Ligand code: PMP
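Shown below, as structure tokens, is a lone chain in the form predicted alone; questions about how it binds or moves come after it.
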């Protein structure tokens, strides 16, 4: 797996400067679209498979079977096939065509699941049923597998911590949309272990506040987050209340990031940026607020991301003037040292 490890993680940290209501601010975002398949899910896929091999839970030739809304399927298809595994992905049939095409192109089999068949929960059930019928199937179980959280506690979190530290900064808050909860929980645990005052905020669509209500409510267009349930690995009592962002505002913000700064990111990245702006507004202009740009825009070319989106009076994106960006350190030797046993706060050069 060493060759794959060189293709996943150690992404740049972007300092995005913007003006809002006459004040200049900065949001820090991990550029996760730089990963192997263009999304943050590569980290989780690699870590889960590494741990499964170490525990003897997966063997050469076993089929990897997972339920996903897209990016996780792409990651397991790519990483799984690179390791020689057949891959089968169960996913709701309303996800973007690009997601399905990418998974197919990586040699994986897709089983589309309709709303009548249970949608996302149906996808999970079907994956479990397939595993129960065969003894050569490995289920990553991204929504309940603690290795998902570990992936970000051991990689994304340390990278962000040290990249900010090299700039003389400490995160006051971290914000991320919740698909499985792995990113917000893993990064959050590392940052809070380093500085107990760091606040961790989950983000959800205003149109479908699953985290706030505890169940599926309404529909939204931010693919990859706020599915039909609260994931098992997400512990809402350990983090701040959810920050809600409108899907139309998120589309407009992602369009701005691409059209004005050349950052070709997906809709959830626009949502994460807006959530970070909202948190920064509550903490103060100088607050160090970080987030992630979870994936690139190539999975959304047939969606509303490439269409004209009406601007509504309560949207934040219209009042945000993007000034510029800086890419901070990418290679993080200290992060590898932390994974190998160095203690938090220990200088690593």
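Residue numbers count along the first chain shown, from 1. These numbers come from a predicted model, not from an experiment.
Another form, the form predicted in complex with the ligand, is not on view; read the next lines as being about it.
### Task
Name the stretch, out of 294-302, 313-321, 280-288, 47-55, where some heavy atom lies within 4.5 Å of the ligand in the predicted bound form.
Contact criterion met by 294-302 only.
### Query
Does each of 206, 246 and 250 have at least one heavy atom within 4.5 Å of the ligand in the predicted bound form?
Looking in the predicted bound form, the three residues 206, 246 and 250 all stay beyond 4.5 Å of the ligand (heavy atoms).
### Of 265, 151, 78, 225, the one that lies within 4.5 Å of the ligand in the predicted bound form (heavy atoms)
Looking at the other structure, the residue within range turns out to be 225.
### Query
Of these, 85, 99, 141, 220, which has a heavy atom no more than 4.5 Å from the ligand in the predicted bound form?
That would be 99.
### Query
Taking 4.5 angstroms as the cut-off for heavy atoms, does residue 188 touch the ligand in the predicted bound form?
Output for residue 188 is no: heavy atoms all beyond 4.5 Å of the ligand.
### Task
Although the ligand is absent from this view, report whether residue 145 comes within 4.5 Å of it in the predicted bound form, heavy atoms only.
No, no contact at 4.5 Å.
### Query
Any of the heavy atoms of residue 179 lying within 4.5 Å of the ligand in the predicted bound form?
Residue 179: yes, in contact with the ligand in the predicted bound form.
### Message
Under a 4.5 Å heavy atom criterion, is residue 71 part of the interface with the ligand in the predicted bound form?
### Response
Because a heavy atom of residue 71 falls inside 4.5 Å of the ligand in the predicted bound form, the answer is yes.
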